[in-house]
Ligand code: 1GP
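Next comes just one chain, in structure tokens: the form predicted on its own.
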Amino acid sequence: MSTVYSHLEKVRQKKGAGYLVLIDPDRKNDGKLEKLVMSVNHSGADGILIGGSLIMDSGFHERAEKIKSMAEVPVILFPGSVNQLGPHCDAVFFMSIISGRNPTYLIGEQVVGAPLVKDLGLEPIPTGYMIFDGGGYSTAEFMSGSRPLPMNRPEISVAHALAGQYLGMKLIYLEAGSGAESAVPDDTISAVAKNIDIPLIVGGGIRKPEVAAQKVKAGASFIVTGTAIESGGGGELLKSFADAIHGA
């Protein structure tokens, strides 16, 4: 049976690296969702992530349904909390914030969410989530109560990523934070990629296609952008990101 995870693996094997576009189904994106999803469909991107650190109104699941109904690529829930779990996606990054020490986001939310994931029939993709200090106090950092990892200590990142792999994670996600001033450094990406045997996702602070390509050359298996496209870059920017990532 084909799964979203097998799709991601095939993308990585065929294209060298993949491009995932993050869309936040927040009310701030009302009126933009159709255009955003259509742009993704025509860009060459390999998947859509939906989610955010906060739910600001009751329309999250309705907007998620709209995204899923229009998407021509797999839709993966990138949950900020258990409240975001719903049927309108193909899979969920079943994440643990392994860079933090807050038990709520290491295992607490996961225990609450696991029965819902099973009941909804979602494909869970175990993901070790690592938050970095991108130069600003990110929403993910604030909401999770997690102290971010330092950008200048690759060995700490390697140790956390290896722990995630040995605990059975299928993906490691390095996150600088939405709208971060600085992306995760290339030397950190390279150090982690050389020491783990599972795909590596990198997101946060990646605003230009050439920067995305550089992260792939450093060892990233997948690149995530969100703020860059929500700020009005449009379909041409998305295609430029996809081309740069696949060509790197």
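Each residue number is its position in the shown sequence, starting from 1. Bear in mind that the values here come from a model prediction, so they are computed numbers and not experimental data.
Keep in mind that the form predicted in complex with the named molecule is missing from the display, and what follows is about it.
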(request) Within 4.5 Å of the named molecule in the model of the complex, counting heavy atoms only, one of 31-39, 197-205, 211-219, 57-65 shows up; tell me which. (result) 197-205
(message) Within 4.5 Å of the named molecule in the model of the complex - does that hold for a heavy atom of every one of F78, A180 and G226?
(response) yes
(message) Please determine whether V11 contacts the named molecule in the model of the complex, using a 4.5 Å cut-off between heavy atoms.
(response) no
(message) I'd like to know if Y105 sits close to the named molecule in the model of the complex, meaning any non-hydrogen atom pair within 4.5 angstroms.
(response) no
(message) Test of understanding: in the model of the complex, would L237 fall inside 4.5 Å of the named molecule by heavy atoms?
(response) no
(message) Under a 4.5 Å heavy atom criterion, is F132 part of the interface with the named molecule in the model of the complex?
(response) no
(request) Enumerate the residues of 150-174 that have a non-hydrogen atom within 4.5 Å of the named molecule in the model of the complex, in sequence order, or give none. (result) Y173
